Ligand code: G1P
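The data below hold one chain only, encoded as structure tokens and taken in the form predicted alone.
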Amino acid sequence: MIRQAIIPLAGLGTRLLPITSVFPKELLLINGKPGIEYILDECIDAGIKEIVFIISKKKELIKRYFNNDQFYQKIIKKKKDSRLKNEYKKILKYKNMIRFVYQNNPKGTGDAVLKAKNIIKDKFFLMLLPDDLIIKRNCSKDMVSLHNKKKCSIMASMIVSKKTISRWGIYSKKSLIDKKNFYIKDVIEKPSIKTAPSNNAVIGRYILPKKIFSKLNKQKKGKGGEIHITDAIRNLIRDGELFIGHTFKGKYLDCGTMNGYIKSSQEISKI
């Protein structure tokens, strides 16, 4: 059973500058709703009970967003507005699920996940990257369902154009399970078109084993001088840990770029 999720939020959001110089990208509105709330709702619908936010001191506004009780209580008392009451109830629901951990020096996703080492209790946990929105179908819920059957690690996958392969982490497949799922032989970060073993790309949804923390503790810096979660995953696979690639049924939206952010609002408004 997957009960906990980690969401790394300490990134600087440079692809959305200048607005992210003062405002966390995760709080930017996507069709009138903060982007992070889509991720939270996905977690709740997937049965997650506790969510660990990895933030930095520069992202304190995220913590304030979920802990602004006095503001809501005062304004609700004055306004008697049912919409505000409902919004506050929703924020309280999120707040009661969230724990905050700090990563003040951005050393990569692997380092961010390692900060939650003492919080994760079960053998497996969910990790979501907030730049990746998946709409129309709950990818995390499908992955949790598959994990309950297979009792192993799972990573989301999407077929991408061969022209864009060098932008992604790419799976090397071991064997097919069915039309949507396959066992993973390896994960290769940003390969060239010629060396790519497939066009199945890694997307930001992971069910990972708690034992990954022992790998991250020893993990050396990789590309860009950062500690990558992918490198730790590769080490686990080489040790015999079973990983499944799950080709999700929903629609993928990249909210980490300005064009992607604008497109995300347009796409969600059509639902």
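A residue's number is simply how far along the shown sequence it sits, counting from 1. Please read all numbers here as calculations on a predicted model, not as lab measurements.
Omitted from view is the form predicted in complex with the named molecule, to which the following refers.
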Practice item. Please run the contact check for residue 243 against the named molecule in the predicted complex: heavy atoms, 4.5 angstroms, yes or no? Key: no
Review point. Is the gap between residue 204 and the named molecule in the predicted complex 4.5 Å or less for some heavy atom pair?
Key: yes
Practice item. Would you please decide whether residue 230 lies within 4.5 angstroms of the named molecule in the predicted complex, comparing each non-hydrogen atom pair? Key: yes
Exercise for review: Considering only heavy atoms, tell me if residue 94 and the named molecule come within 4.5 Å of each other in the predicted complex.
Suggested key: no
Review point. Are 137, 260 and 263 jointly within 4.5 Å of the named molecule in the predicted complex, each by at least one heavy atom?
Key: no
Practice item. Only one of 87, 186, 189, 122 comes within 4.5 Å of the named molecule in the predicted complex by heavy atoms, so just point that one out. Key: 189
Study note, to complete from the structure: Note: exactly one of 79, 167, 174, 162 sits with a heavy atom within 4.5 Å of the named molecule in the predicted complex, namely 167
Exercise for review: Tell me, please, which stretch of 79 to 87, 114 to 122, 195 to 203, 174 to 182 lies within 4.5 angstroms of the named molecule in the predicted complex when heavy atoms are compared?
Suggested key: 195 to 203
**Study point:** Heavy atom within 4.5 Å of the named molecule in the predicted complex - qualifying residues of 98 to 134
**Key:** 129, 132
